[in-house]
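In the block that follows, a single chain appears as structure tokens, in the form predicted on its own.
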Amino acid sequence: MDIFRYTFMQYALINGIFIGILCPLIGVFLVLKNLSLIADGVAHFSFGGIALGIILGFSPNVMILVFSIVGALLVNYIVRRSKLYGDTAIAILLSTGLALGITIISMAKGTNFNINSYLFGSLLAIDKSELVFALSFGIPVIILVLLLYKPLLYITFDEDSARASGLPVEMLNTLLVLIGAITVAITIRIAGILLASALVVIPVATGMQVSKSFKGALLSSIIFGVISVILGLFLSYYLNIAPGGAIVLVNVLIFLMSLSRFFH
């Protein structure tokens, strides 16, 4: 197929499939623990990091990662130290990141910003260095989830029993939030700040519709995630549309199909 003659499409496909596996793998734990919105909050908070990185001359990708981790820790801290629910803490985080980014941009008059690629994603612009960056942080996350699969599963469904059995529940919850933040940071380059959370949540929502067990939901979520990336890439190439948007729309279409009798 002529689509794979180009090196940038090869990088896009490899990175996309990797994200299609990584996002649902983390997302299934976040969704079941009612932490779906944290992906959205962390993604928006990283906007401040992008603006700061461009101003200071730092790598935007590194700043996205740093701000995503800091944002996740802030949400965790606010929830534990206040009487607020998680969604309120996430709303505060989201607003803070956007306000910080907008303020920095308004102060940097005359600076040439390329914010659109970070807001809406730019999968086709990914080069070898960015692919290596994603794999370097994403592969350890996958290994960590596989090693801690049973403890994470335990705290996902029954924190009280997990605590009574001696598991470090607080540490595991913090770890889950952190690896979720890293996943979102890697995903932003593909889907952008505005759509990154969709790749974490929607395939999982679809998997939960068509499966009756946790393992079934996990595996089907990954399958749907990968399929949506591949189909989205083909659509973006042949229809000349934004790949991030195409991938998310394919995800939404598959989810809507899962609600019908198509998968039943």
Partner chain sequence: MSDKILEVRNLYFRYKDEFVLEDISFSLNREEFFGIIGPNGSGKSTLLKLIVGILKPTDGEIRIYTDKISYIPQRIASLYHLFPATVEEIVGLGRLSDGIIRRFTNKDKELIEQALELVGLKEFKNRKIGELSGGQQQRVHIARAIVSNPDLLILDEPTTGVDVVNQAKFYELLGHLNKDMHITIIIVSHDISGVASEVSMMAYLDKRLHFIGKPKDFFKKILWPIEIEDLLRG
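Since we're looking at a predicted model, the values are computed, not measured. Residue numbers count along the first chain shown, from 1.
There is also a form predicted together with its partner chain; it is not shown, and the following applies to it.
In the model of the complex, no heavy atom of S122 sits within 4.5 Å of its partner chain.
L32 belongs to the set of residues with a heavy atom inside 4.5 Å of its partner chain in the model of the complex. Residue contact check for A217: one or more of its heavy atoms lie within 4.5 Å of its partner chain in the model of the complex.
Of the heavy atoms in S161, some are within 4.5 Å of its partner chain in the model of the complex. With its partner chain left out of view, the stretch that reaches within 4.5 Å of it through heavy atoms in the model of the complex is, among 163-171, 123-131, 180-188, 70-78, 163-171. Contact residues in stretch 203-218 (any heavy atom within 4.5 Å of its partner chain, taken in the model of the complex) are M208, S211, K212, S213, F214, K215, A217.
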